[in-house]
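A lone chain, given as structure tokens: the form predicted on its own.
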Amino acid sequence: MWARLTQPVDATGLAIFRALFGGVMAAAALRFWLKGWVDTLLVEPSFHFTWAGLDFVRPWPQPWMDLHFGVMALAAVGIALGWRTRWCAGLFGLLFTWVELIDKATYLNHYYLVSLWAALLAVVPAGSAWSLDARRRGSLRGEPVAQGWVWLMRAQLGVVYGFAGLAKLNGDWLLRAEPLQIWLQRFADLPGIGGLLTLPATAWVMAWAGAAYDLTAPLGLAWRRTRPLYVAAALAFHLAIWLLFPVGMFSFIMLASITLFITARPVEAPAPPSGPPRGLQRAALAFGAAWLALQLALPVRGLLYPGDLNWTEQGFRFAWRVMLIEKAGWVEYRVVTGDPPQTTRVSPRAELTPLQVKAMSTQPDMILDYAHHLAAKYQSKNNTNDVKIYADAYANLNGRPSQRLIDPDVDLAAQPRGLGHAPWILPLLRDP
């Protein structure tokens, strides 16, 4: 097995992925800045939904936040060109992940994937060929890479597709074709194909085809005979998603990623690339094993929580649960202070941005975060610790009637933030 992992292979596919990934990320950073999102989503909000234990991650004041994005874009260009590849990937990953951690309201699955790819590119020798690094060493074609690095990158993409497919094996997706039925109805007035997209059969075909593609894509792309078919399917699938749904750079990131399955031909070499010491080889093997173990463990943690995962969203993030829910909600807080108690109703819309309101109104942990913020605010305002926060929160899931999401009789200010089960999330009422 060790001999196969260290088998030298052509690095062209890895180099193409590196170049495309860097180019897409440079464009994404520039797009974020040009659209003004640096200010509207990061700098201007007075409150951010920070991650538990990472409350110190905050946006820089301007113009430093613009500089942050400028350096991030330049690091992405460095990745694309293969200039000091590992250093540029590490710097880009750090800067990108910092932005991602500023506010949970901006979380997207493909943002998480970007952080993972950047971390891997900081370790994998992706600049060994067709790069400025290779040219500096004397040959643009560069050196081969150990096959194990290519397998690790492919395995990461396989984890994304595999868990995305497994997550679709639920009643809403397979038996109701939801939320696709809801989403496709929005295209009824689209010239030419609106009528086709709104046919009930279209949502069913897309749902089952999407699940089948996700579940089989890792093997289909890996096997040489089926690879052309799956590459064509990936092009059709991701371009259709990009055209129909507002998913930002997701499609381009995924299309760049499938280039990792370009055949990595074995090459003649007397020893593994660069002949690393045995201790370094063992460290590389340990890194790959630990990385994959973590990537397999994070998506299944949702099984540890009771209730419908799409409703409670405990264990939902970092689990590749892609395009599974259409959820809308409404939240108002009751702040109880003093003796005798006085109740003040507070709408989060008075302080939060529209994006923050939309995200928090359906995500229980964010509803809890804002309750803690209100508790601290009213404790300071009234110079008392006797503050209780209750939430009247309603949400609907995939076309079901709206129902209470949070127990209205639970003082959220007294509930801890963290990874434990949240009994104050009410269960989803099933269809009669």
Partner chain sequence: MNTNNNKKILIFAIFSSFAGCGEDAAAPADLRQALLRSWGEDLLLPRYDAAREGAEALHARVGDLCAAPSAARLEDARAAWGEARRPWKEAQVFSFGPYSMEPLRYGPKIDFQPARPESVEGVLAGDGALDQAAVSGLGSAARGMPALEVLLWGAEGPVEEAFAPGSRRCAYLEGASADLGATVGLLRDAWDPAGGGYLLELTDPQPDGYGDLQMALGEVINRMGYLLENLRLDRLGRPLGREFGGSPQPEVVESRLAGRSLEDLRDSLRGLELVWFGPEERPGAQGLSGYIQRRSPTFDARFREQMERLYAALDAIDGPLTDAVVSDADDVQALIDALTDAQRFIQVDVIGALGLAVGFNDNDGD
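Residue numbers count along the first chain shown, from 1. This structure is a prediction, so every number in the text was calculated from the model and none was measured.
FYI, the form predicted together with its partner chain isn't displayed, but the following is about it.
Residues placing heavy atoms within 4.5 Å of its partner chain in the predicted complex fall in a single listed stretch, namely 394 to 402, out of 366 to 374, 394 to 402, 379 to 387, 45 to 53. With the partner omitted here, the residue from 318, 213, 237, 245 that has a non-hydrogen atom within 4.5 angstroms of its partner chain in the predicted complex is 245. Shown without its partner, this chain lists 188, 209, 174, 289 as candidates; in the predicted complex, only 188 has a non-hydrogen atom within 4.5 angstroms of its partner chain.
Contact check for residue 342: a heavy atom falls within 4.5 Å of its partner chain in the predicted complex. Using a 4.5 angstroms limit between non-hydrogen atoms, residue 181 touches its partner chain in the predicted complex.
Using a 4.5 angstroms threshold between heavy atoms, residue 84 stays clear of its partner chain in the predicted complex.
Proximity of residue 163 to its partner chain in the predicted complex falls outside the 4.5 Å heavy atom cutoff.
With respect to its partner chain in the predicted complex, the three residues 37, 110 and 328 uniformly fall within 4.5 angstroms at the level of their nearest heavy atom.
Residues 31, 32 are the ones in 1 to 33 with at least one heavy atom within 4.5 Å of its partner chain in the predicted complex, listed in sequence order.
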